[in-house]
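Given next are two forms of a protein chain, the same chain in both, each as structure tokens and marked structure 1 or structure 2.
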Structure 1
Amino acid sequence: MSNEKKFTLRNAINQGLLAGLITTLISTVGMVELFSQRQLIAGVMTMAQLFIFLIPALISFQTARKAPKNSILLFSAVTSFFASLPVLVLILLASTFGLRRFLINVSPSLIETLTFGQGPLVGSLILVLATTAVGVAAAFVDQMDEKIRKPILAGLMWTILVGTFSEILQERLRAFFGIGFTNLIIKSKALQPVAALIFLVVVTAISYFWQQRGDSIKKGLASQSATQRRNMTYAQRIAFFVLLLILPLLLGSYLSEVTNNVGIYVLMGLGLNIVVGFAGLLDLGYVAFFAIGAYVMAILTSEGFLGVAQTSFWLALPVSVITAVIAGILLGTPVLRMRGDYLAIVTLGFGEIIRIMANSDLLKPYIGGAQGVLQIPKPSFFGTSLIQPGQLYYVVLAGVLLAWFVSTRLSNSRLGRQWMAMREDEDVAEAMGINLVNTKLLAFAIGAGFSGLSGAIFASKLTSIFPHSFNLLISINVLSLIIVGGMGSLPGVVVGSLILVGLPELLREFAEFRPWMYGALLIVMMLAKPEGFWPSAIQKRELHADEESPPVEEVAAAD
């Protein structure tokens, strides 16, 4: 039976009510009121209004794909109309009974935001009409030709993204182009309406051009000789490398600091990607190696700590990595026959043991206990101390490039194929002659080495470390960024780090809702895009094998 016969008005109503309940939930917990303080387009749209209409629009978009062909707009209108009803009920209850006695975040300013400052009666009517109109518009966009729909969606997405980070963009534009030019684009930390419209049109036009000409351009490039393609590849790599080198000059101090934090998590993610993404070994104690690398660096470089002569950062760095590698082997040895949940529990226990030992009084004379290790010097290069974030960026970049090079070589090597075979089925891999002991130990050791490297850089970056900096949440964050980016995908690690580390740093004013956003993002990812934002080719084929293969009936008919 087709989806058209299955999907009814009752389904549309249920989806609309679900969208409305989600909007009501984020309103009652205080997200909408907080987001109302951030404008995206000056005098036109706030982030709160975006969230109010975005959820019904997405649900209506999905409804349009499931509804009968001759009733798409009707079904989408019904979905979006019912999406406004739970919010309408919240407005009426708050205006009549004063819900703030029970729900502290249902304040007058929240109701004013939901009613667009027009009062409960008129504002409720505007809310219902606007939500329904947005839902119908989403369905209309869904029915457009793909070559038109994709450019429009790309233009909207990029305009919203630029509006979200307009405050940061404003600071960088002022640094390069002055206040006068910046005020033409951004006003009061929000995009000017005219600038937003121009940006929307330009991005849509570029995307439309690529939709029309992209295939022919790709065919033209593919028809070039091998020498020309090789030269173009080299030119692209050189241009990208030059961009990486001058990036601190473009970003400034604050964004360079954010980039350093992202880079440290990329470094950890590349290591855990070997353990989890390549080898399929679920490691929840990965933060232990991060802590070991940091503490070794701190002990060796801190002035007068434990009576040890102060060591250079560059001499302590390989010692930190080797110590983490040894710890990875020590952890891997007793868990060689474990897999799945059992391995996760054991590694989780190992990570907690390291954290508790670092916090204990027993080791306090050696590693500082709860007081941590202070006065860790910054790295120095030819006598120049790398104090500024833009200077320390190059140390982080060097570590990421090294880890990327090693990961790339390993993924295409015999060892990398052994890891992937072991990830799919350990018994079959062993039957094919793969030595599981050596293969697992190498995965744990190399992954731990990358984590130790990131921990050593982290310690020098902060100049002081404490046991609470190495809790379980670090391991969860690194595992989450691999899942969001794409298991086994090296570019996916970068994408996941930008989303889960970079975005929260740039939106610190909404930090109290970070766990909500984490959970919502993971749920949406597992439902809509389980392979991640940038999956590896193998992972994508595995998860979409049923979609790519023809139905059984077609195969039988062909036979």
Structure 2
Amino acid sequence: MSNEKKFTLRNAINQGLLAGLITTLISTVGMVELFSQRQLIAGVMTMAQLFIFLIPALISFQTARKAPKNSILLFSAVTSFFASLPVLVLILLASTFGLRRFLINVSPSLIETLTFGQGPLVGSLILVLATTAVGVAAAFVDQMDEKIRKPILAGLMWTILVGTFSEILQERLRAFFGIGFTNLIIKSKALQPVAALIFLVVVTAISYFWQQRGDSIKKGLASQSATQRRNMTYAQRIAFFVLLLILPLLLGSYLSEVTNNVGIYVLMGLGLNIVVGFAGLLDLGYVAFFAIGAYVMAILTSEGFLGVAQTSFWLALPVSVITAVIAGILLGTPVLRMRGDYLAIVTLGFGEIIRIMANSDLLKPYIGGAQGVLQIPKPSFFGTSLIQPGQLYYVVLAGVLLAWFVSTRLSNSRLGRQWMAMREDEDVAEAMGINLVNTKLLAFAIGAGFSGLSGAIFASKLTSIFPHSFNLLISINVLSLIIVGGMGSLPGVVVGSLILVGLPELLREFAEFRPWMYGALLIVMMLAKPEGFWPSAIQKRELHADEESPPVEEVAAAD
């Protein structure tokens, strides 16, 4: 807790061992091996090597900050040296006992990667030396003047990021500039060394100059008159909307698809944000309304044998939404008097009930059971069928904008205030004359409506739906994204969706480790920003107020 606590060599060793254990874990679960052939920068560095050295480097950097001023290099060296030890133990155990009987991913090729193909003895030596060197290098960077350090770090970070997302970049570059130019920069996912170097230098330079000049630009902006500033924001807004409109052209079909998926979650997130963020009702069965919206759309429009009406998308859309709203009220009523976690488990149950019923043989004749509903047409707009993701994007965008508009209006309305009052304290809210029944039901209903809308678009985007798409994980994901974004904050929903839906989609390359990364990401993000990435103004204020009050639980924190 206190920063004055002396940072001893023993702490440095512990830190190092921790880093080593994390690296060992990353290796034993198989992630290092998966990326052993993946070139981050062609011929210079593989992704696997990044994983091996990243954690020791970060922790050494940390150590360097805490270490006594006169022995920083020593501390960093010790930390990074000890960081290599657990990995060394792994190599030793694996090459003598053949751990693979127990740990399936500790394969000979993993050991080869960890020892850089030089055999256990030489390889281990290289590993220890290299890790220590990386740690010392990190300490050196830490020692630099802030004006130089920050640009260098920014350059390194961006280069690594570009290398990581190279697959997507490669595809986009190819679409815009043709294959010849792309191969100069990225070839089979690997950033070419020259391009990487140029990029590194350019980013560092930009970052450096930005730092030098940034302040004066900011000051210049601040000194503008109010009218000027308003004009500026108008211009920005228009630019932003234009950007939204032409986005599919820039993104191409795959990224548009990802955007659509993000959009569908944004829609759901906006709805759940009303229920959880505004009204404070913890709903873990939110997927139920999504499923209802999707199924209503499917049954109404399907051209297959389960379709009942073969109506158009636009006709079925309001029906889906209304059905979801009714379902929201129906669920809302019995749980009106439940609070907190009781509400959570009951709503969770409701979500599961809907999924199980959809999957059951009982309802199979009507909604397809496990075999789902097929042949749902995509929406058409004045005769054009919106087949491409880039076309569907506009439907999703329209939905999101609508939900956004409703949410903004609501949050500042009388109803919005009532929700917030209720979230803070139901009893006080009631005492103030708020009708709890109506207020809660409205939250459920509107939230369900957004989700139903989202589900309807989802069904017609997929052209076929199966009960498996409506499992608990969706509810969990939506809840996570509104919390990661910042509860009660509308931009937060978008940020959360981008992080929790968009990012895993862009990191498809991590294959079977995506959920693993997702889990780790959730923990790390919440530890780093408990209030979310874009907290609402009110929440920021509250947290700030918290900080001012004297900490009570410090007393017990003896560790």
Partner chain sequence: MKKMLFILSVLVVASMVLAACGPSGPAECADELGCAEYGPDDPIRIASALVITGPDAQLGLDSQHGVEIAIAMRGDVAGHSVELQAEDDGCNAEGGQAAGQKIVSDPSIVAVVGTSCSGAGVPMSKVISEAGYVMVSPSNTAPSLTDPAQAFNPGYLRTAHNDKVQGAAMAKFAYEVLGLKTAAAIHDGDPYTEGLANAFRESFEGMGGKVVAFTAVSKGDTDMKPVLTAVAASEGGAPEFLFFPVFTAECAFLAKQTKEVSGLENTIAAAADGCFSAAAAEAIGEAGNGMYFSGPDLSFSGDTYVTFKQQYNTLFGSDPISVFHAHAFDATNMIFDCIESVGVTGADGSLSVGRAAMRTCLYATSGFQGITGTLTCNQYGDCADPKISVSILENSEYKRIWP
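Rigid core here is just the name for the largest C-alpha set that superposes within 1.5 Å across the two forms. Start at 1 and count along the sequence of structure 1; that gives the residue numbers used here. Only a predicted model underlies this, so the values are computations on that prediction, with no experimental measurement involved.
Peer 1: Which of the two structures shown, 1 or 2, corresponds to the form predicted in complex with the partner chain?
Peer 2: Note: form predicted in complex with the partner chain is structure 2; the other is not.
Peer 1: Take the rigid core as the frame of reference and indicate whether the C-alpha of residue 281 shifts by 2 Å or more between the two structures.
Peer 2: Shift of 2 Å or more: no.
Peer 1: Could you check, with the core superposed, whether the Cα atom of residue 323 shifts 2 Å or more between the two structures?
Peer 2: Residue 323: C-alpha displaced by less than 2 Å between the two structures.
Peer 1: Compare the position of the CA of residue 369 between the two structures after a rigid core fit and state whether the shift reaches 2 Å.
Peer 2: Comparing forms between the two structures, the residue 369 CA shifts below 2 Å.
Peer 1: Relative to the superposed core, what is the Cα shift for residue 96 between the two structures, in Å?
Peer 2: Rounded to one decimal, the shift is 6.3 Å.
Peer 1: Relative to the superposed core, what is the Cα shift for residue 518 between the two structures, in Å?
Peer 2: That residue's C-alpha is offset by 2.9 Å.
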